[in-house]
Structures are given as C-alpha cells and as structure tokens.
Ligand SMILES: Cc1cc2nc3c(=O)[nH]c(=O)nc-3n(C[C@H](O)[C@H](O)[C@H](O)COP(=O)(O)OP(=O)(O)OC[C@H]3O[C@@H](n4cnc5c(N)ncnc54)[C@H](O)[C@@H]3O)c2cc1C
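Below, in structure tokens: the form predicted alone, a single chain.
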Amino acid sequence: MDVMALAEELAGELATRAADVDRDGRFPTENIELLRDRGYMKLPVPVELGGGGVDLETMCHAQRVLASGCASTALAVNMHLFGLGAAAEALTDGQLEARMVLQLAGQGIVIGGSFTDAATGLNVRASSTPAERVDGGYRINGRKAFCSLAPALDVFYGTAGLTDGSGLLLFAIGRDAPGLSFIDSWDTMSMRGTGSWDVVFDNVFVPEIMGQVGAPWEVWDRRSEAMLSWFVCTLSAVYLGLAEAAARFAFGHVATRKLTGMNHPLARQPGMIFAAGEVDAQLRAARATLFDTVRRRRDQVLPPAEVVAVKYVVTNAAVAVVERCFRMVGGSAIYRRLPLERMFRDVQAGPLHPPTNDLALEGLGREALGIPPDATPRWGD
C-alpha cells in the first residue's frame, strides 16, 4: 500500500467539505466512513490482522497530509490511530493481550475514548470518575469530556478511580452498554468537527476481563513510552500539517497578489520575504524535532521529557506559523471565504492538549535543573 498516496487522495476529498463542516460545527460522518472504507483507520494494525502495518514515522507523515485537507477529521481519527499504534508495538514486544484490540480494529471497529473527567479535567495519575469493585467486574458512574470521535465510536476506553484506593482502572466498553450515553456538548471555536462529546456513565457495569489496574506511575518502560510517544507525535503531526498548509496558502497568496501601481507581487516586498523566512525556519525546526525524536525512539526508551518536548515545540511553532501567515495575508485573512481564518482558529487548540504548556514547561524545567518530578514541596520556600 502506498500510504502517502492514499493520504494525499483522501486529503483532497476532505478539503472539499472542510469549510462546511467547520461552519456547521457538525461531525463529518461521511469523512470517517470514507477513511474506514479506504483502510486508513487501520493503518497501524499489523498486516496479518488486516491492517497496513505502518510504523510511527509513516503514520506521522500521513497525518500531516490528512490535516492539510481537514484538520478536524485528522484530529478526530488520531484518537483512534495512536492507541492502535501503541498496541501494535506492544504486541511486537510480546504483550499478547494487545491482540484483541488490534483484531477488532482490523475488522473495522472504531475505538476511542477519554481520560478527562468533566468535573476535574485531565489527570493521568488518577480519576474523579469512581469505579466500585463488584462481583465479576466494576460499576462506574461519572462523566468524561473531550471524547473525540464520539459519534462514530464502537468501543469506548477510559479511566476511573477505584473507590477502594487500589489504583487507576483502565477499561473498555461497548458503545451499547447499558447506562452509557454520549452527549453532544461540542460547540467550540476550534476543531469544530471532531465530535469531542461528553460521555456519561450511569451505573455502567464493566466486566473484569475488560478492565485492568494500571501500573504504578513510577514505572516507566517501553509500554508507557510507546503510548505517550504515539499520542504526542501523531497529535503534533496534525498541527504541523495544519501549519504547513497555512504556509502554502499564504505563500501562494502573496506570490500572485499585486496592489495598484505595483510591478511585482507582494512576495517581492521585504516584509513578506522576511516573514516567509521566519515561517520556513519555524517549520524546519518543528519537523526536525518531531522526526528526530521518532527515529531515536526506535532503539531506546525515551524519558518522558524527550517526548513532552516534541508536543511543546511543535504545537507552539504551529501556532506561531499560522499567526504569521495570517498577518502576511492581511485583512483578507479574516474572511471565511479563505481557509486561513479556519486554520487560525483550529491551531489554537494545539497547546491545550495534554500536557498543556504550563505542565510541559514545568516538566522540562525540572528535568533541565535535575529536580525530581515528585520532589516535595512542589515549589521552594
């Protein structure tokens, strides 16, 4: 399979609907069905289980391309793809329990979820959604937020805090489970087509076989690193692709536009030349950071700071690039008839994904200064 040719073809079709999806704030069901029919949704699944067998680097390149067509669609499917990629690596490393989820995805099942509690926000160490141990499994109540791809999910995965204090429950459950419901709460300025709905648990029973208590937070191994790396790198690739698309649009715009009395297009003006150079330099740095990290992790388990740095550098570079392109285009950029207005809003969501800028900088700063991540007190006197 020519993965990049597939991504290019799909991006072209998604682009024809991107403006309408954004304007209506609707979930693009037809886009997801297209990606599922063409095999894009199972690219990370091993070939022998019905997928494309692509690695993290290839998936990042494909997501860059797909985001250039419709960033909302690329971001939504990313929440399905990254988990499959991590599971595929786990299976290769001998963790046979990962086979089931990959088999389901290879059959076309859409899997996604949320680790964000509606009341208290994201906490990867704990959850305010309570899970009670009962005969044969767990009973869960509560509400999750930011469940991207919610309208199309067949299987939901997420976290809940065990009420006996024994740890964080990781679980999966079918969409039609009694007591499980999805609420359309998604009315936002950015990424309006991701379908990142709320999920409500009303006395939902999770069989014991569908849940596991997570390893202690202090444990950092290949499995932990793979999940974070697949999430961070593919997510960053979406925002990088969005910024690259904005740059192509802005460069093309100023290269062809002449103002009254000018012999040459706007691209020949000093301000535009320096702006284009600034954008190009930022994109080069973001690409280098992302793909250097992806390649280095093939032979080593990267520490958390190495992975977190990718998300911080790439998403913030993407914001800076799109904002600079917005100013290059000028007043026309605020019109919805141009895609840059949508790109400007969409890219603002990048730094808000976990780890957010403040948490990322705290972690990176502690690493740089040799301060343990769990040092107490958190701040000095």
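Because the structure is a prediction, the values reported are computed rather than measured. The first residue of the sequence shown is number 1, and the count goes up from there.
Below: the form predicted together with the ligand, not depicted.
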Testing 97 to 105, 71 to 79, 203 to 211, 292 to 300 against the ligand in the model of the complex with a 4.5 Å heavy atom criterion leaves exactly one stretch, namely 71 to 79
If you check in the model of the complex, do 148, 196 and 358 all have a non-hydrogen atom within 4.5 Å of the ligand? yes
Of 191, 140, 232, 86, the only residue with a heavy atom within 4.5 Å of the ligand in the model of the complex is 191
Quick check on this chain: which one of 50, 339, 354, 39 has a heavy atom within 4.5 Å of the ligand in the model of the complex? 354
Please tell me whether any heavy atom belonging to residue 349 falls inside 4.5 Å of a heavy atom of the ligand, as the geometry stands in the model of the complex. yes
Touches the ligand in the model of the complex: residue 241 (any heavy atom, 4.5 Å): no
So in the model of the complex, does residue 186 come within 4.5 Å of the ligand, heavy atom to heavy atom? yes
Does the ligand come within 4.5 Å of any heavy atom of residue 114 in the model of the complex? yes
